[in-house]
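Have a look below at one chain only, the form predicted alone, in structure tokens format.
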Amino acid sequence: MNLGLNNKIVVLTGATGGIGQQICLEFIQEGAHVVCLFRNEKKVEDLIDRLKVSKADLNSVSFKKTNLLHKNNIREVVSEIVKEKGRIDVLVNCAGNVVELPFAMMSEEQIDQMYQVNLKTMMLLTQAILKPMFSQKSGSIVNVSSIAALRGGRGITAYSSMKAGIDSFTRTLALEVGRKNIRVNAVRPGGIKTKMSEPLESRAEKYIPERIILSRFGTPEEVSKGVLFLASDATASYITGTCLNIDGGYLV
């Protein structure tokens, strides 16, 4: 599939997760160069192994260790990328995690952690990357949200709130930067088969046929296709401020 992403410079967070690995692989397969921001070196090794198994061109991926909660470090890394690559065409904010716990039992530290990982890091990185995109007068930003932003459940009140924040951030930022020729969109994955979703999948076997129109969990490949679609000017040049549901019909 030719999405016009050849030689595009893509910055990706969360590349070591189940969905992030697939996003990284498919951008490489489309001819883009992916810069993965990471904090866990062991997980980077796992990602490289995955790319090797898939026979991806390892010259098309690079890695920058980054503290996404440290604004100055983010700015330094973004400056390095622009200096080395000349530009940043696409940002994919895929980093995130979930702590399942009744909200009344969550500690302040757990609430802070959910906010920082799922929302604050994305906002700080996006803010830094807007600067080179303003200079270029072009860019595409894709945020990974969740169907939990619209339909929560027990034990994920904080997580759902942060994902709803991502949806609002996506729409309002799109309005703010559209005249700079920068598009901002999001995908909302539903139940996707990853290591992080294994506990949910085991609990959901009984209601999947009733709640999900397609009667199954999705795959990382089905999410990554949506991300690349929104990132590409060849397929989504007139799409901005949109949150694309990739949920097998769960929200219908």
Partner chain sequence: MEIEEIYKNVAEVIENSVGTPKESIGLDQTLFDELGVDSIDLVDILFELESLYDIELKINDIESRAKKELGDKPYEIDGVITNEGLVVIRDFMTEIDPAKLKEGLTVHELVQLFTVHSLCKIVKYRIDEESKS
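Everything quoted here is computed from the prediction, not taken from an experiment. Numbering follows the first chain given and starts at 1.
Below, we turn to the form predicted in complex with its partner chain, even though it does not appear here.
- For a residue to qualify, one of its non-hydrogen atoms must sit within 4.5 Å of its partner chain in the predicted bound form; all three of Arg75, Phe134 and Arg179 qualify.
- Between the options Val98, Met106, Leu130, Leu150, the residue in contact with its partner chain in the predicted bound form by a heavy atom within 4.5 angstroms is Leu130.
- In summary, the region of this chain contacting its partner chain in the predicted bound form, judged by heavy atoms within 4.5 Å and restricted to 60-68, 30-38, 221-229, 179-187, corresponds to 179-187.
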